[in-house]
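Here's a solo chain for you in structure tokens, the form predicted on its own.
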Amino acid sequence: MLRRIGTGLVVLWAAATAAYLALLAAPGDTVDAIIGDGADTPLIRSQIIQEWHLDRPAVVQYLDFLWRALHGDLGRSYLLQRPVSEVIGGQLAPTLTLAFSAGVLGIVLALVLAVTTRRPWARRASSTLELVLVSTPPFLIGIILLSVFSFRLGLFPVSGDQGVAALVLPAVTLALPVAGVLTQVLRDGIDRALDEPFVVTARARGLGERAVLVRHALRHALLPTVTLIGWLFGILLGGAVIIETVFGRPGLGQVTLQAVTSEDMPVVLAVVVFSAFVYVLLNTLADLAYLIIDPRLRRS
């Protein structure tokens, strides 16, 4: 656990540093971003430089950013003039709801497809569908779903936050590629498990094929799948930022898009650090889940 926590801290530092350097190298001037459409005079520019300590060397500003982030201070938004924690905290719930819903739906679809498509013809059809879903950008899937189920059939709202109905299409959009990846990995794991000696023993004891598949092979196939789940939830969080923009939903997507276009560095950095934190947390939980799935790891 200490090793995993140490690795996680290194990942967080690397993500924050990469984002900071990328924003530092981006074209544009920080003072111009803070002024926006306001009055631009030498006095105002001087006051902004002093207030935000922009006259310090870049290395000092970077170390100051790391020190404040270590103490939970993510700074103040250039555009909104509010603490970044308030800006992100107010939009966090819709994004987490979307990512969690998509993740659960993707896992359920993967389990159903991996277990039910065992016949050769069903397997070929499912594999083709999975390849298409994995190869298609999520935003394109979202546009297709919008065109069919919102514009043409009128079954779901086009955009906005209108309860569960407005969550369906964005969640399905994110879940389909996830289900495609997980189904492929889970099916391969089941195939390998069915060739193990313990399956022969289970069949010799009179267990039916369905019982062997669900009670024995499926459990042994879960380890690589759990590894992917930890990674895919991080992908879901990043994908939610794009899908929220496509569907016009509130959340970190709108905040991030506005922060990037207005060069609001504190907000962009906070989103990157938060995404990295979620990724590290979920992968650590996935490592702990190994001990529950495979008791042999607890004894080793």
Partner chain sequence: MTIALDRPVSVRFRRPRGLGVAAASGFLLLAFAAAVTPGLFAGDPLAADPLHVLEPPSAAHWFGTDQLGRDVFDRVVHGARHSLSIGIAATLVAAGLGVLLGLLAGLSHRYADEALSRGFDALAAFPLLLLALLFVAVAGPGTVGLIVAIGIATLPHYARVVRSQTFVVRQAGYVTQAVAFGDSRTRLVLRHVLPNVIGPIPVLAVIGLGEAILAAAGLSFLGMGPQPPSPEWGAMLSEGRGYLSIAWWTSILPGVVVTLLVISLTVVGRRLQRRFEGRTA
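Numbering follows the first chain given and starts at 1. Predicted model, so just to flag it, every value in this text is computed and none were measured.
One more form of this protein should be noted, the form predicted together with the partner chain, which is absent from this view; the next part is about it.
Trainee: According to a 4.5 angstroms non-hydrogen atom cut-off, is Phe139 in contact with the partner chain in the model of the complex?
Mentor: Yes, Phe139 is a contact residue.
Trainee: My question is simply whether Leu66 lines the interface with the partner chain in the model of the complex - judged by any non-hydrogen atom within 4.5 Å.
Mentor: Leu66: no contact with the partner chain in the model of the complex.
Trainee: Do Ala276 and the partner chain come within 4.5 Å of each other in the model of the complex, heavy atoms counted?
Mentor: Because a heavy atom of Ala276 falls inside 4.5 Å of the partner chain in the model of the complex, the answer is yes.
Trainee: Using a 4.5 Å heavy atom cut-off, state whether Leu281 contacts the partner chain in the model of the complex.
Mentor: Because no heavy atom of Leu281 falls inside 4.5 Å of the partner chain in the model of the complex, the answer is no.
Trainee: From the list Ser127, Ser85, Thr97, Thr227, which entry has a heavy atom within 4.5 Å of the partner chain in the model of the complex?
Mentor: Residue within 4.5 Å of the partner: Ser127.
Trainee: Pick from 115 to 123, 102 to 110, 217 to 225, 67 to 75: which stretch has non-hydrogen atoms within 4.5 Å of the partner chain in the model of the complex?
Mentor: Looking at the partner contacts, the answer comes out as 115 to 123.
Trainee: Heavy atom within 4.5 Å of the partner chain in the model of the complex: which residues of 133 to 155 qualify?
Mentor: Val134, Ser135, Thr136, Pro137, Phe139, Leu140, Ile143, Ile144, Leu146, Ser147, Phe151, Arg152 sit within 4.5 Å of the partner.
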